[in-house]
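Each of the two blocks below gives one form of the same protein chain as structure tokens; they are labelled structure 1 and structure 2.
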Structure 1
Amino acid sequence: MNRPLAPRVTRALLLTVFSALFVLYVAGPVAWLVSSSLQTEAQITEVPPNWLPPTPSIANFEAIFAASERVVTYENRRQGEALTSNFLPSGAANLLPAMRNSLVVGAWVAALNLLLSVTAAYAIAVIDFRGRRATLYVALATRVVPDIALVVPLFLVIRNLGLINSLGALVVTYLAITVPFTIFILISYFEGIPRDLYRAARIDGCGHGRALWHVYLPLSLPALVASLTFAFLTSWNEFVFALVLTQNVAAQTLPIIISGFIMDFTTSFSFVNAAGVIAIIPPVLMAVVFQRYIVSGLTAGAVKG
């Protein structure tokens, strides 16, 4: 018997309304970020606000890419007030070098994280040895401790290694953050691969290295991409450790430089928002390109029959 039409229409209407509200909640801040980056400071501060740019302008982006050619002094900063398009925050020339630092750190963390996680996950998921589960639990237990509680110990370790104010300090620190979680993702995926494939590879004379390379890695592409993306995005967005371990501007990453614009004695919100748009481009591109792999990789092993 057919269900009544009214309940189905009501259910569909409620789903549509709540879905629209959820999309607005998630995408609204990003839409405002992009819209305000195309406005002047005067347009942003108008009441009521301009949700869409009255006259879209790329002056803020031009200022970012031309910042290295301008010398910022107290006098010319006062001549270019924040409400005009002539204002340039101090440290604006450091934005693009900081973005390069973030890309370098993110690439190294993603690559080394994958190398360490793949071998560790293969050993725990495939090789029978005493204490393998305890090894996994110890690795995961390290992520129970809040990051803020690890700042001082890690700072002392990095200082003793002579890596303060270097990109290597951030790479080492971020690996400690990302490796345990990616090991967990890969173990779940490796355990879902039929054990018979491993046995067949061993019978054919493959050692553990060849079995990993020829059997497990080709079948684990979604989990590998998810791990790679997770490690890159974690290092790209991380703020606390980058703030403590890099006091030198030459070694600072994008979140630190952008936060400096806000703590300046005069804040240009349009400039900060333009910097924010540039900062979200690499993560958004990764999410769009690898969306299918990320979803399947992160849900691997969630349901086992």
Structure 2
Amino acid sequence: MNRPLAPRVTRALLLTVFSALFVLYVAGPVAWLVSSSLQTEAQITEVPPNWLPPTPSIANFEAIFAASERVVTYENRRQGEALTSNFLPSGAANLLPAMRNSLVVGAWVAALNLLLSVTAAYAIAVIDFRGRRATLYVALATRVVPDIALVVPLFLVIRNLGLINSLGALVVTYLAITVPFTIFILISYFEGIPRDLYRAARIDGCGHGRALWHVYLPLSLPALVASLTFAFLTSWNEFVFALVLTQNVAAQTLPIIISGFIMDFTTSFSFVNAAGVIAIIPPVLMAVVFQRYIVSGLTAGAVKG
């Protein structure tokens, strides 16, 4: 279709303007965070601000990775003799262990979430049993309760079980957050798979286990990848439960340690910004790499309304 020139130019112009605004809004804040993390404390405290690092350096990141080798005392903080000649927060050495905790919890949550959700979603979507709808609604209803409302009783329960400061308690808690939503996504995906395939498999003598394994799983790869990503990201980003259920470095996750830096107002801005960049990299990479799956997986249930 060959339309006249004027509307096409207008369209191109509008698209360019709105694309520019979009990039500015979505990427601008993160770009500024990254830019700040590559500057020294002196550079980021200049007025007016340096939009780009005058002399890009990764000294802030080196300081984080070397933090465990340095003993931070009141004396050397006062002399400002940290690697970057900035102030390092006293908890700087906790950042890498916290990152490890975040990775461990995230991996467990992603794996267990998939295992639990796939089986439950298969049962609800495929098997005709009494209470299948009720099971789904009960699961979804638990997510309507705000986290902050759950955190108080959960804290009491887990404290009485003596499981404060255990990564396992975090994993189980996060499963309660991710599983209902994952089931919801997987059900709409499973229901889109032709019923005839299931019937054929059953006639061939497959039980539910083999029907799930050989028919449903291979056909729902996007939803499975989306579920994995969603669960890992939820776990990686979660803050309220981790704040209340962990009280020392053994179990604290990255968001907790970073929030500690933010509260400690002697911390150098450049250090906090670098820590923020480190926390952003894994989830953003994951999201961008699996973009195609996330979009089709996360939105599978939306169109039906």
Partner chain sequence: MRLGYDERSAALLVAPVLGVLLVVAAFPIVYSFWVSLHDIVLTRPLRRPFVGFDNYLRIFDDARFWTAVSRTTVYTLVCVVATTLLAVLVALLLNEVFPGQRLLSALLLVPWATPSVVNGLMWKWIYDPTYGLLNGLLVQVGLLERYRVWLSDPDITLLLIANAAIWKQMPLAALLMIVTMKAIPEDLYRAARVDGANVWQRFVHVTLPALRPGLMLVLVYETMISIRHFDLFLIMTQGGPGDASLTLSWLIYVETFRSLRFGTGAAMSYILAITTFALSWAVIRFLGKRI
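Throughout, residue numbering runs from 1 along the sequence of structure 1. Computed from a predicted structure; not experimentally measured. Note that the rigid core is defined as the largest set of C-alphas that superpose within 1.5 Å between two forms.
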Structure identified as the form predicted on its own: 1
Between-form comparison on the rigid core puts the Cα shift of residue 11 between the two structures, in Å, at 4.1
